[in-house]
Structure formats: structure tokens, C-alpha cells
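This document starts with one chain, in the form predicted alone, laid out as C-alpha cells.
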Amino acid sequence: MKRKNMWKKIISFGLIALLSVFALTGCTSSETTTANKEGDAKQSEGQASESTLDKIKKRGKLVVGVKYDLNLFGLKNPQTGEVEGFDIDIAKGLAKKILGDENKIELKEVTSKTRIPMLNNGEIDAIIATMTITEERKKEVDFSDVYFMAGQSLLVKKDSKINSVKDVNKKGITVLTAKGSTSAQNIRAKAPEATVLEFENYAEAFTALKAGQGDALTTDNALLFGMAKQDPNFRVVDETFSEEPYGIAVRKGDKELLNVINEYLKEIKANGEYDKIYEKWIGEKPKQ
């Protein structure tokens, strides 16, 4: 009888010990899991807290999306291979503001169609590419203050009878422009009777115009003046039928970088540097 009681006690003690081990193991596992989760959360928080401005400073280079095909604003010089223009000088000045050296910059080619996707997938830090500020685009990106005010117009042959948007609002008239641009939206609204052909970029559209594939090319007058300067057989009509305020675009919520950009724009307008850039490329002083 005593032996049976003894075995019962041994078994009881064994079960208690075993349960204690499981309990301790469970606690340790739970604590480890919690600690791991907290560690992961802190790491994710650290990664999320690294702003675009931090990344720019860490890599020592500002990456900007610019046009390569627009004379006066962003055009690749075939002789030097360098991209030149109003937007390029603005971009270089921004690099100097952030990194202390205007050469610490990479200029990536964008089009009206590709610029927002390239910004939002992290290929570029900002867009400086004759980009009109619109309510629709504000849903996808954040814009700086206006850095250039343009107006949409038409480029036609010198002997063309087209002198206003009303003159292209007819069946049988073809107007050329670029894909993904506000120009395409505006011309369809202003001249619904016209046929609108969209090209990948304005260089292709201008080539098509010279080849006789259209009666007019439409975009902002500042860009059209650049095309007319390239080929004196074309002229820009006097009328503008929209206001096109250009802004520098950053990813949604990129407030730190946006604040630096707006500070930079205020500085260059106050110290006269903006006027110099404007006169260098547009050929006249900016209207106050």
C-alpha cells in the first residue's frame, strides 16, 4: 500500500515538473516572439522615418526627372550629350541648395506619361519637367509653389490661316500633342471638332507636324517658342487659351523635401538668380 502511495507521489511530482517546463517554455517563446515583433516594428519604424531628403543626403546625389526633348526647358544637346534648359538650371540650383554642389545631381529622362509613375516608384526624387499643377495631379503628387507661368497655344506653319483655337475647331483639322499632357485634355475641350493625335513626346509631335501629319501642334507657349526657334518655318499664334502654372512635384506626404524646395524658390526669386535663369532661356525678364 505504501509503495503504491509512493509511486503516486512520484508521478504527481513528475507531472508538476513537466507542466512547469511547458509553462516556462511557453512564456519564453511568447516573450521572444513579442520581443521579435517589437524589434521588427522598431526597424520598420526606423526605415519609414527615413525621408526622401535623408536618402538624398545619404547617397550624396539628387535624382530629378526632366524632359530631354523640349528646347529652352530641357533638351539634350547632341554635340555635348548634356541636357540644357530652364528646368535643368532650376534642378541644379536645388542640388546646390540641398548638397552644396550643383553637380551632385542625376537627370533622368521623363515624358508627360512616365513622370508620375517614375516618381511614385522611387526612380526619381522630384519632377522638374514643365509639369502643370492641376487638381487631378494633386491626388497623386504634392506640388511646390509655382515656378513658371505659361499658357497653352498653337504652333503652325508661317503661312497657315490658323490664328486661334477657334480656327482648329473644325472637322478635317488635325492637332498634334503629347500623351498624358494637360494640353491633350485642353484641346479636346476647346476644339471638340478637331482630330487630336497624341505622340510619346513633343519631339515626335513636332517631327510629325513638319512631315505634314497635322495642321497644328499644341502645348504651352513657352515650349512652342523653343520649337519655333529651332525651325523658322513655324510660328506661335498670339492667342493663349489656358493658364499653365508649372510646379515641382514630389511624392505625396514628402513635406520635408517640399519645404526645402519652396525655400529654394523663394531664395532665388529674392536674390535675383531666378530672373537670370529666366532671361537666359526665355529671352526677357519675367513679368512681375
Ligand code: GLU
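Note that the structure is predicted; figures quoted are calculated from it, not measured. Residues carry their position along the shown sequence, with the first being 1.
Although not depicted, the form predicted in complex with the named molecule is the subject of the following passage.
K.L.:
Let me know the one among A205, M131, A91, L154 whose heavy atoms come within 4.5 Å of the named molecule in the predicted bound form, would you?
P.N.:
Contact check passes for M131.
K.L.:
Which one, I261, L223, A249, L62, lies within 4.5 Å of the named molecule in the predicted bound form by heavy atoms?
P.N.:
Only one option qualifies, and that one is L223.
K.L.:
Going by a heavy atom distance of 4.5 Å, is S112 a contact of the named molecule in the predicted bound form?
P.N.:
Heavy-atom contact with the named molecule at 4.5 Å: present for S112.
K.L.:
Any chance K190 has a heavy atom within 4.5 Å of the named molecule in the predicted bound form?
P.N.:
No, no contact at 4.5 Å.
K.L.:
Examine S144 and determine whether its closest non-hydrogen atom to the named molecule in the predicted bound form is within 4.5 angstroms.
P.N.:
Outside the cut-off, so no.
K.L.:
Is there any non-hydrogen atom of N71 lying within 4.5 Å of the named molecule in the predicted bound form?
P.N.:
No, no contact at 4.5 Å.
K.L.:
Would you mind picking out the stretch of 206-214, 95-103, 112-120, 72-80 that comes within 4.5 angstroms of the named molecule in the predicted bound form, counting non-hydrogen atoms?
P.N.:
Among the candidates, contact is made by 112-120.
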